[in-house]
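Below you'll find only one chain, the form predicted alone, shown as structure tokens.
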């Protein structure tokens, strides 16, 4: 699993880790049932605090993306991904509203905003999360 963190980013490290694991699942790079490194191992590999990895894994477990087994360790949810809920849709609208406002203030048109959104969505699924410019 390839994780790239930006330690200078305003986005907290645990959130970057959550986002990249979800992107890995969406792109197919991580398949249902795939094992993930242990908390200690991933923390060592990334050079971050193990509590940061633990927080990320726990959030992903709560959201239904991961399972944690005493013997198997952490694995990608083998029994299907969480569905679209009202809570998820509200979270999505909140995040999109913030991004749309920032785009509008910078002069981006609705058409370009929608085009960029479609491009990011498609690239996440078909390009293993890689950005295409």
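Positions refer to the first chain, counted from 1. Predicted model, so just to flag it, every value in this text is computed and none were measured.
Form predicted in complex with another copy of the chain: not shown, discussed below.
- Another copy of the chain is not shown here, but in the model of the complex it comes within 4.5 Å of a heavy atom of residue 98.
- The closest non-hydrogen atom of residue 89 lies within 4.5 Å of another copy of the chain in the model of the complex.
- Heavy atoms of residue 44 never reach within 4.5 Å of another copy of the chain in the model of the complex, leaving it off the interface.
- Although the partner is absent from this view, residue 106 contacts another copy of the chain in the model of the complex, with a non-hydrogen atom inside 4.5 angstroms.
- Between another copy of the chain and the residues 59, 75, 81, 29, the one pair within 4.5 Å by heavy atoms in the model of the complex involves 81.
- Residue heavy atoms within 4.5 Å of another copy of the chain in the model of the complex occur in exactly one stretch of 46 to 54, 66 to 74, 89 to 97, 33 to 41, and that stretch is 89 to 97.
- In sequence order, 19, 22, 23, 25, 26 are the residues of 13 to 30 having a heavy atom within 4.5 Å of another copy of the chain in the model of the complex; the partner itself is omitted from this view.
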